[in-house]
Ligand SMILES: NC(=O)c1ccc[n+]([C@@H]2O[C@H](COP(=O)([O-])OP(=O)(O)OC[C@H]3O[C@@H](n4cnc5c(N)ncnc54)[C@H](O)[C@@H]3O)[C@@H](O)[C@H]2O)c1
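The data below hold one chain only, encoded as structure tokens and taken in the form predicted alone.
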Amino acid sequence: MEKIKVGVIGCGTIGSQLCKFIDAQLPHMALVAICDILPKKTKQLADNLINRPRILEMERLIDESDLVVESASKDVCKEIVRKCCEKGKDTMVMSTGCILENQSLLDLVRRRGVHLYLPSGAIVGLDGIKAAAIGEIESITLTTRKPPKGFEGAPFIDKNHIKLNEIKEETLLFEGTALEAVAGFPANINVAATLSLAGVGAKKTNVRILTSPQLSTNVHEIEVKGEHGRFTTSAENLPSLENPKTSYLAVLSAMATLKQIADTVKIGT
């Protein structure tokens, strides 16, 4: 079986761990290239892998890869997906908020006949949501709770002059649609984008975001009502040690997606 050539764009918390996973644990994939806006970080990562990948500019990386993994940011994601479509390359995207805000990309992917992979991230139950969406869904509500540190730098926090260090008890920070949540918390709430794309869309998906200094986990609760009945899911995720804005389950979810792409057997919806 010929190995799938993978290029990773973005060598931060998630990108670095995915590179190490591909390098050491996926025999049917080969990490051929990496890139990041910080050359020092890229070189340090490459030097610490078993099979040293090439360090390339984005355009060249896409040319050399069968599958491009975006783990950079929402800002660059759109360009990556467009270029991959133009060159007939498959893409796995971590910044799912970009896809939600630019859904014309989905049409482009389908027209070009390439594959776009969106990992489940830090939530559970997407299989049930996709199944329920074949029928009629009345409502979907996502309630997210994170420690205050996990929301530092979010545009919504800065715009509303919220002083996270002064919060002493559980506080509702935001309530609105998934589309509004993704705009206000682009680094914190990719789960809302993924949930919306799998279910009833960003304008019909309700999101509540709370914080509390007593929290030590990132909690995502989902309630779905429809003609199928009702179900709820809850995930209490430990934050990544390298980045408190990211749940470790989100990293594991991306790894599982890569493993599934490399395998010929698919389990679950």
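Residue positions are given as counts along the sequence shown, with the first one as 1. Not measured: the values here are computed from a predicted model.
The discussion below concerns the form predicted together with the ligand, not included here.
Colleague: Considering the ligand in the predicted complex, which of Ala131, Ile162, Val76, Leu108 comes within 4.5 Å of it through any heavy atom?
Modeller: Answer to the contact question: Val76.
Colleague: Would you kindly say which of Ser71, Ser196, Thr91, Thr144 lies with a heavy atom within 4.5 Å of the ligand in the predicted complex?
Modeller: By the 4.5 Å heavy-atom cutoff, the listed residue in contact is Ser71.
Colleague: Looking at heavy atoms inside 4.5 Å, which stretch does the ligand contact in the predicted complex, given the options 43-51, 226-234, 240-248, 199-207?
Modeller: Comparing against the ligand in the predicted complex, the contact stretch is 240-248.
Colleague: Residue-level contact is defined here as any heavy atom of the residue lying within 4.5 Å of the ligand in the predicted complex; does Thr13 satisfy this criterion?
Modeller: Thr13: yes, in contact with the ligand in the predicted complex.
Colleague: Find out whether any non-hydrogen atom of Ala122 is located within 4.5 angstroms of the ligand in the predicted complex, and reply yes or no.
Modeller: Yes, Ala122 is a contact residue.
Colleague: So in the predicted complex, does any heavy atom of Ala30 sit within 4.5 Å of the ligand?
Modeller: Looking in the predicted complex, residue contacts with the ligand do not include Ala30, since no heavy atom lies within 4.5 Å.
Colleague: I'd like to check something about Ile9: if you look in the predicted complex, is any of its heavy atoms closer than or equal to 4.5 Å to a heavy atom of the ligand?
Modeller: Output for Ile9 is yes: heavy atoms within 4.5 Å of the ligand.
Colleague: Residue by residue through 21-40, tell me which have a non-hydrogen atom within 4.5 angstroms of the ligand in the predicted complex.
Modeller: Result: Cys35, Asp36, Ile37, Leu38.
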